[in-house]
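A lone chain, given as structure tokens: the form predicted alone.
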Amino acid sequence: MSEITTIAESIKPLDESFFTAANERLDSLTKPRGSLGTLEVIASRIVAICEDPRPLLDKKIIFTFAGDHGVTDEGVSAFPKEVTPQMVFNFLAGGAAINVLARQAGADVAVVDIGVDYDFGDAEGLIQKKIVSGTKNMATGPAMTPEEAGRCVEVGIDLALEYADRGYKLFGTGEMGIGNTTPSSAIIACLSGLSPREVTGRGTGVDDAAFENKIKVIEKALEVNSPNKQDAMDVLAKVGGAEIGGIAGLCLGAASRRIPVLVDGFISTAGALIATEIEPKVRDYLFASHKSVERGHQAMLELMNLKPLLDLDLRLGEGSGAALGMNIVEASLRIYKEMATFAEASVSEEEKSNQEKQAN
């Protein structure tokens, strides 16, 4: 039995009794019932995920997986692939958006080379887990072999288990990889049945001609590879990416350890979608941090039945939305744990309806 199968089978559904207990407390707080909307939904789900009536998510980390893509040979990005390693060094130096937002959220950042076409040597702070030196051009054949795709997912699983053992209680996903909106669009087109035109965006901001070319490249990749939509690992191998596989594994591993995961934007959600296709129960452990401007992101969220916490017209990646989402999760837990109840504050509760009085 493979590590992926073993981990997937170990994931448990959430226990409804924890939702019930959390909602009872939320209803007792000094506010009209349900008046804090999604904040209350987040808090009750965190309680159920952690199986703890007073959860403490005091150690947070965002994993930024980096990988290159052979499909950039087809002119699908406004930036050259050399930007991938350059941005990795920027992450390590603490100068990127994810570093700034993670510091604000009180989260660490783990930068993972899972598939960059560059030799980083002994770069300080880099987690070196390279499986491929860039994927192959999916417009001419599979992006990865099945073995490579499996190893990418296993890297994510192993990191989730390692950092869970180190005491981290809230994960965020992020990525860096020039050209990676192209495989992400191919993944959602395959799994949703929507056309590439319906789920493809402009990525780094390509012009009209490059955008039309990008759609044609995705159409060609799907035609050449014929990925099996009933087999998520086949989809990942044929039209995915190393960092997408790593994120899928991270989501699986986190769910197996009952750790909530804040999923970033389009590319991160492609990885999360692969994970939920492997094991649907993973979905209960995921929070969509925001809605990306990339067209295919909404289709992904609908397929996973996830509601984004924020909509700020983001399209950066790196884990930037996940860092922002951590602040929302923290706010929800502070409300849940620190707000006074009606009894504690000596505030009169709302009067029960006649129907409720009769029921009692």
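What you see is a predicted model, and the numbers here were worked out from it, not measured in a lab. A residue's number is simply how far along the shown sequence it sits, counting from 1.
Heads up, the form predicted together with another copy of the chain isn't pictured, but that's what we're talking about next.
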**Prompt:** So in the predicted complex, are T30, D207 and I328 all sitting within 4.5 Å of another copy of the chain, heavy atoms only?
**Reply:** yes
**another copy of the chain contact in the predicted complex: A343, any heavy atom under 4.5 Å** = no
**Item:** Proximity of F79 to another copy of the chain in the predicted complex, heavy atoms at 4.5 Å
**Value:** yes
**is_contact(G141, another copy of the chain) in the predicted complex, heavy atom dist at most 4.5 Å** = no
**Asked** Quick one: is P280 in contact with another copy of the chain in the predicted complex, heavy atoms, 4.5 Å cut-off?
**Response** no
**Message:** Given the stretches 252-260, 152-160, 117-125, 198-206, which is the single one in contact with another copy of the chain in the predicted complex, using a heavy atom cutoff of 4.5 Å?
**Reply:** 198-206
**Fill in**
The one option of M233, A96, A189, V217 with any heavy atom within 4.5 Å of another copy of the chain in the predicted complex is A96
**Asked** Pick from L303, I61, I335, L57: which has a non-hydrogen atom within 4.5 Å of another copy of the chain in the predicted complex?
**Response** I335
**Request:** Within 4.5 Å of another copy of the chain in the predicted complex, which residues of 17-39 have a heavy atom? Give them in sequence order, or say none.
**Result:** T30, K31, P32, R33, G34, S35, L36, G37, T38, L39
